[in-house]
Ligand code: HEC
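Quick setup: one chain, the form predicted alone, written in structure tokens, and binding and motion questions come after.
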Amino acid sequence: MTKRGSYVLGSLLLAGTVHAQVTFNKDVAPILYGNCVACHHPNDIAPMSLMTYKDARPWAAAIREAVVTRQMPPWHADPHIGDYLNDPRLTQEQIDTIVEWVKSGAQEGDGRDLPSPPAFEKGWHIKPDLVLSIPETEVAAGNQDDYEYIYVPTNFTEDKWVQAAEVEPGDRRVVHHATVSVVSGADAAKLIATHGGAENVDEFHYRTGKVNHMKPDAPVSDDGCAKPENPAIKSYTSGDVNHVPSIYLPGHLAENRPPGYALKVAAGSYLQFQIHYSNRLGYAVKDRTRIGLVFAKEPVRFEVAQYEIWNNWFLIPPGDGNHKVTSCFTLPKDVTAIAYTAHMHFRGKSMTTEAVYPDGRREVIFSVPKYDFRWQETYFLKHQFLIPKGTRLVTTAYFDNSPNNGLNPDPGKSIRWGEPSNEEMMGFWLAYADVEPINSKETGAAAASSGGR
């Protein structure tokens, strides 16, 4: 045998030896602890725990299949567009390790090789400095869709800066989603009187119970970039500014803002819990949804807010498997991009956002090629960047209202905007920060006293 042949054979034998030594404790547990157990630990959103060898071993083949096909960990943003802080995807090397572990018999290995498992506070993926909850709320039996607006006082006597936050539903069986927004004390009093303003419907909308819908004969514009034909409508695209510490959606975890960026909760503010209840159980249940806040521990340089950009005037024909809807919004000021969120319902198929800069240059900044209503993320950018004033954000969404969509509630119906899940929405949310730094003395003082109320 030649020297070259001996080297190749030796390498193959060595590789085989290394593969045979792949164990749960030494090789697989670190991967699961770093990328999977945030959801796969006891009493969390995943259907099984993967914290121990005893937990994981029965699922070995399923784990292999899930990671090879990249169904797990879940991630729906296009990997070729953007680089994200909360991207949990495995490297090819990590996938190969799991494959070899299963192939070689899914051995446990030496207990001394097992790293310390991550610790989780019950119900949380963060360690909150403060938890605020709604009063116990009864969700009636058979209540299919209901939007409640509940206002919780912070009782803050000074401004606070929120670095991270997470919404925990009190009963995941009936809480479809929850959005928590910061409102002033004065605004809270007005909103309480009008059910969050939701009762103020115009000529194009109607209300059933506690949810709103678009009238079937309301003006239609699938192209939110077009000039409205109806003079009663100023624009087919809205670009509302909101201050949202966190949201809960299926699959949505904590929102962790980059260092130096935080959301301001002014003294005396209230938190508005907008909760979409959907109780398909045959009995009433009690819910007490809450939010955990982590205050900034270092001076905050930039204040975070959110543009919520909608086209609510579309009409999706029955049976249409690839219906296009667009929105356009021109930024009124320079902003730093922090995170993106795509929001549609069961017929949502894909969403892409393109920035058309003032100099005419075009860039796709965000894409979710396979949207899934059952697992919705906020995608936090690893590298924040400036989007200049005058940039036009063009979002293109596609909807599948055909019988081929297994999640479609009714492919025989024309679909308009509506709050219930069996209707539709089309929204792109841009979390941003002003480019001008805020007063460092103010934030430094807030950070120093962030542990109390």
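Counting begins at 1, following the sequence as shown. Computed from a predicted structure; not experimentally measured.
The next section is about a form of this same protein that is not shown, the form predicted in complex with heme C (HEC).
None of 354-362, 325-333, 71-79, 232-240 except one has non-hydrogen atoms within 4.5 angstroms of heme C (HEC) in the predicted bound form; the exception is 71-79.
At least one heavy atom of residue 47 is located within 4.5 Å of heme C (HEC) in the predicted bound form.
A residue is said to contact a partner when one of its heavy atoms sits within 4.5 Å of a partner heavy atom; residue 283 fails this definition for heme C (HEC) in the predicted bound form, lying far away. Remark: residue 398 does not count among the residues lining heme C (HEC) in the predicted bound form, judged by a heavy atom distance of 4.5 Å or less. Though the partner is left out of this view, residue 206 does not reach within 4.5 Å of heme C (HEC) in the predicted bound form, counting heavy atoms only. Scanning 394, 66, 51, 387 against heme C (HEC) in the predicted bound form with a 4.5 Å heavy atom cut-off leaves one residue, 66. The listed set 152, 211, 253, 192 contains one residue whose heavy atoms approach heme C (HEC) in the predicted bound form to within 4.5 Å, identified as 253.
When contacts are defined as a non-hydrogen atom within 4.5 Å, none of 180, 249 and 380 contacts heme C (HEC) in the predicted bound form.
Contacts between stretch 24-46 and heme C (HEC), counted in the predicted bound form as any heavy atom lying within 4.5 Å, involve 32, 35, 36, 39, 40, 45, 46, listed in sequence order.
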